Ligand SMILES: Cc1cc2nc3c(=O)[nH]c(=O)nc-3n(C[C@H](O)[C@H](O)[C@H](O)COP(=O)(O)OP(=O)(O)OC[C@H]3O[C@@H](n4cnc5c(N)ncnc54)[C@H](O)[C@@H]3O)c2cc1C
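One chain comes next, on its own, written as structure tokens: the form predicted alone.
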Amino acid sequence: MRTEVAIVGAGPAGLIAALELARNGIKVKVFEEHPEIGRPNHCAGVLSVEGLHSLGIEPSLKFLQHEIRGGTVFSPDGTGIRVAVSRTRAYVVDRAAFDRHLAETAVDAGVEIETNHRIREFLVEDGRVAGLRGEENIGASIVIDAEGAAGGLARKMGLPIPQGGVLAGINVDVTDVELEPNLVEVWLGERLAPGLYAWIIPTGEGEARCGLGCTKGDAFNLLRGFLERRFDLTECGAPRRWSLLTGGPVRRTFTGGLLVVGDAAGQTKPTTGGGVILGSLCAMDAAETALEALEAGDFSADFLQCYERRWRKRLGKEFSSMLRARGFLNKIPDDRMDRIFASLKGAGLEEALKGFVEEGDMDLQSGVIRTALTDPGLLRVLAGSMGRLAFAELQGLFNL
């Protein structure tokens, strides 16, 4: 079997790359190890309005569950800062349905997708990737590795895989709960969710998707304790687990005949672990590079390095800013976080924060981070509540 481009993994990044190539007349085959696209579900399922637009995806009732217009962030002691805006900022999606929608769109464009087909290794000829070894050998001019965080095919070619900032993520669905219908909740605290936070995402009337990411402890036990405190729930649905990545992109995402995209390349938001939008934007860059390589007949590492230049030029500043923000947040102890929240609330800065949410980009966060950290009112509060050394470190991280 032979194809022009072979893609490992039928998640959003793999499917977006396949769709872009097929629309340009390229023969593409996608190989998915699971029997059903979208399963297992590896996502909290909140996608920004701007993010979907940037990918050319029209919101559809096929996969939309709810709309989000802001949220409330809670400090470890329960102090809440509520920010609700006038327009929809994000959609809650059924990720399985979302992935199936992308797959159907790709197939309509001419993409071939094989499910229940596990790829064991790359075929290598003359020192470069030349195809895949699965149930049979599949020759390809270019391979795109979109196998996700758990994959290790790229390691066999000497490429790095995500290692730092790998957290345990978990979700459960709950019903018959009271919460604000269009606001997410984010709960901070080292004892609750060390290394990230817990979330409550409304999915309908009295329904929510609840989860957390953590670097230590048993994620399910932490989540059950949180649900009992928040909703007095002692029972919940079956958990869905996955690896959350907050460590930023790996240092190299290409070699001869091979481009690595999405979670497999660590192309996720370090602030939240979300990877659908940024990973898919990088996948579009991979598709563009593959097109150029096919036109030139050059699949060498020297030629394919333009993929890495392309996505780093587009998103390198975003990943870097979010990575610095995540590293700083991880060092703030709970008692100091409580003081910051109390000061923000006491200074009446919720309206200023509302402006950041109203105008900021949920995915390209460097702009909103810098805007927030140059706001005079916010700076005064941070300087007074963080401590001199921590505030100086924050200023140094962002060259303020």
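Because the structure is predicted, anything quoted here is derived from the model rather than measured. A residue's number is simply how far along the shown sequence it sits, counting from 1.
FYI, the form predicted together with the named molecule isn't displayed, but the following is about it.
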Inset, instruction - Heavy atom within 4.5 Å of the named molecule in the model of the complex: which of M284, L153, I138, V166 fits that? Just give me the one. - result: L153
Inset, instruction - Identify which of T88, T72, Q305, S243 has a heavy atom within 4.5 Å of the named molecule in the model of the complex; exactly one of them does. - result: S243
Inset, instruction - Using a 4.5 Å heavy atom cut-off, state whether L47 contacts the named molecule in the model of the complex. - result: yes
Inset, instruction - Classify G274 as contacting or not contacting the named molecule in the model of the complex by the rule of any non-hydrogen atom within 4.5 angstroms, answering yes or no. - result: yes
Inset, instruction - Determine whether any heavy atom of D338 comes within 4.5 Å of a heavy atom of the named molecule in the model of the complex, and answer yes or no. - result: no
Legend entry - T253 within 4.5 Å of the named molecule in the model of the complex, heavy atoms: no
Inset, instruction - Spot the stretch among 296-304, 73-81, 261-269, 222-230 with residues whose non-hydrogen atoms come within 4.5 Å of the named molecule in the model of the complex. - result: 261-269
Legend entry - Check all three, H66, D94 and E185, heavy atom within 4.5 Å of the named molecule in the model of the complex: no
Inset, instruction - For the heavy atom contacts within 4.5 Å of the named molecule in the model of the complex, list the residues of 29-52 involved, in sequence order. - result: F31, E32, E33, H34, H42, C43, A44, G45, V46, L47
